[in-house]
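As a starting point, one isolated chain is supplied in structure tokens, in the form predicted alone.
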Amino acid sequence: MKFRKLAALGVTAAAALGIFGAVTAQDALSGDLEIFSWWTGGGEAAGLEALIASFTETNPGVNIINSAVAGGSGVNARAVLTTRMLGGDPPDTFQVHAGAELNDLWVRAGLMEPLNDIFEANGWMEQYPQGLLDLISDDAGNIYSVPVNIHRSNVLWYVPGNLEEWGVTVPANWSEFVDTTCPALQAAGVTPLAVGENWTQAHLWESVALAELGVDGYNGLWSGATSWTSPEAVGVWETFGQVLACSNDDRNALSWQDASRQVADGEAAFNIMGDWAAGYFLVDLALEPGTGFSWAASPGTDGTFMMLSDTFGLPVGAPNATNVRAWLTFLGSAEAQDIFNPLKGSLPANTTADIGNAELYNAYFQDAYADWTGNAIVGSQAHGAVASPAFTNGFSGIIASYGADGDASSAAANTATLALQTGIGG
């Protein structure tokens, strides 16, 4: 489990700010390159398309096959990927979250090639935060993927003018939201919190857990120091239920974009979502940061940055490994990350990217970067940093059951059992 290294991430990221990387021209390449991801819409699709366009400009002989599978947070893509990987039909490269999602499944199964030579050849051992390198490495120091970004999970999105019209402010904690903000908004005929399908509810749960347990208590869930059946952990589910009671009844029918759109359209006041929502607001809806949309740390988590990172690796048996290595060399560069992240809504993982350029990285990114380099860092459960895919898959069922019966004690007990079954805290 790599989450103990997360606290060093942001501070290390700040140390190398300001140097702009370059991509070494590749030898003439030809043939196919299949890129497997779940980036099919909005800023994330635009970011991937921009990367592909830049790569093919340098490598015109490479035929890119964009095998993106729709579904937020990769819920559908991972099922397709598992079938292909276990069936001996790996894509050339695929999107995977740094941390347990990478290491506890694909690395442990021996299905990924180490990439240390690429990191060393490009000087990336000094350009990536050590804590992030730890999340993409095994205990022997072998590195298995290239991070393209840093995302923040615990973000509360809203429209400032709407809050002013409705006479509410950004809640400092969940108690304020449930006791004061929610009733005021409901009285005004406004949905207090827009929530989407199952995985977005798990995403919301981790923000509630971080707020209720604090950094040490939240980290303790994954290390074994916090009991899943303790009064505090049961209390997370109780608060989560109160928060859901302030959300839309049709949440299971909505995508994350649908929930974000309700905020932009004034149907709902708030939404908890990762900062890919910034890419959606900027690219899809053409909204101005600070006026068309704004943000804060999710209630009760100010001073903490819950992180995740999208990465790409080289599967064992990839049909076009030479092209993959060229693609990964490009992805990890500051140039590529400055192309991709302003569209995606994320921060660059390479610390030599031009994050200080306010024309490239707008007010949201500047604010997020200050938090990334100054806050306590914890890992996202919903997005693979601290819990294995086996736990995440089982937890989605617990979230669904809780949405139906609202039994906090049962949810806590079932999660404790799932943690034992999947090696969490062991």
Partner chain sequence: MAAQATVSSAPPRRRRFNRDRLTAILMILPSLIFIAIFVYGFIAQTGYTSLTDSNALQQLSRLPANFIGFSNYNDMINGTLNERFRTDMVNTVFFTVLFIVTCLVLGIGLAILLDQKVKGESIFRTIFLFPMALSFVVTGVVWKWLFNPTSGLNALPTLIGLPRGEFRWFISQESTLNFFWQDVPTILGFAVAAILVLAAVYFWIKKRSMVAAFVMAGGLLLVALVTFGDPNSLITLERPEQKGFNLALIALVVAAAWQMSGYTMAMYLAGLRGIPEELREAARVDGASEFGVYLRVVLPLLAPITLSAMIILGHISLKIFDLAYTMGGGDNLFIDMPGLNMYFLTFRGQDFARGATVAMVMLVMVAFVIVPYLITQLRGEKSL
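Numbering follows the first chain given and starts at 1. Quick caveat: nothing in here was measured; it's all calculated off a predicted structure.
In what follows, reference is made to the form predicted together with the partner chain, a form of this protein that is not presented.
Peer 1: Quick one: in the predicted bound form, does every one of E49, I118 and N149 get a heavy atom within 4.5 Å of the partner chain?
Peer 2: No, the whole trio is out of contact, none within 4.5 Å by any heavy atom.
Peer 1: Any idea which of 355-363, 394-402, 51-59, 371-379 reaches within 4.5 Å of the partner chain in the predicted bound form, heavy atoms considered?
Peer 2: Among the listed stretches, the partner-contacting one is 394-402.
Peer 1: Name the single residue among L111, V178, V215, A172 that comes within 4.5 Å of the partner chain in the predicted bound form, judging by heavy atoms.
Peer 2: By the 4.5 Å criterion, the partner-contacting residue is L111.
Peer 1: Can you tell me if W295 lies within 4.5 angstroms of the partner chain in the predicted bound form, counting non-hydrogen atoms only?
Peer 2: It does not: once the partner chain is placed as it appears in the predicted bound form, W295 has no heavy atom within 4.5 Å of it.
Peer 1: Do L105 and the partner chain share at least one heavy atom pair within 4.5 Å in the predicted bound form?
Peer 2: So L105 counts as contacting the partner chain.
Peer 1: May I ask you to check whether N252 falls inside a 4.5 Å heavy atom distance of the partner chain in the predicted bound form?
Peer 2: N252 belongs to the contact set for the partner chain.
Peer 1: I'd like to check something about M85: if you look in the predicted bound form, is any of its heavy atoms closer than or equal to 4.5 Å to a heavy atom of the partner chain?
Peer 2: Yes - in the predicted bound form, heavy atoms of M85 and the partner chain come within 4.5 Å of each other.
Peer 1: Pull the contact list for 407-425: residues with a heavy atom within 4.5 Å of the partner chain in the predicted bound form, in sequence order.
Peer 2: Stretch hits, in order: D407, S410, N414, T417, L418, Q421.
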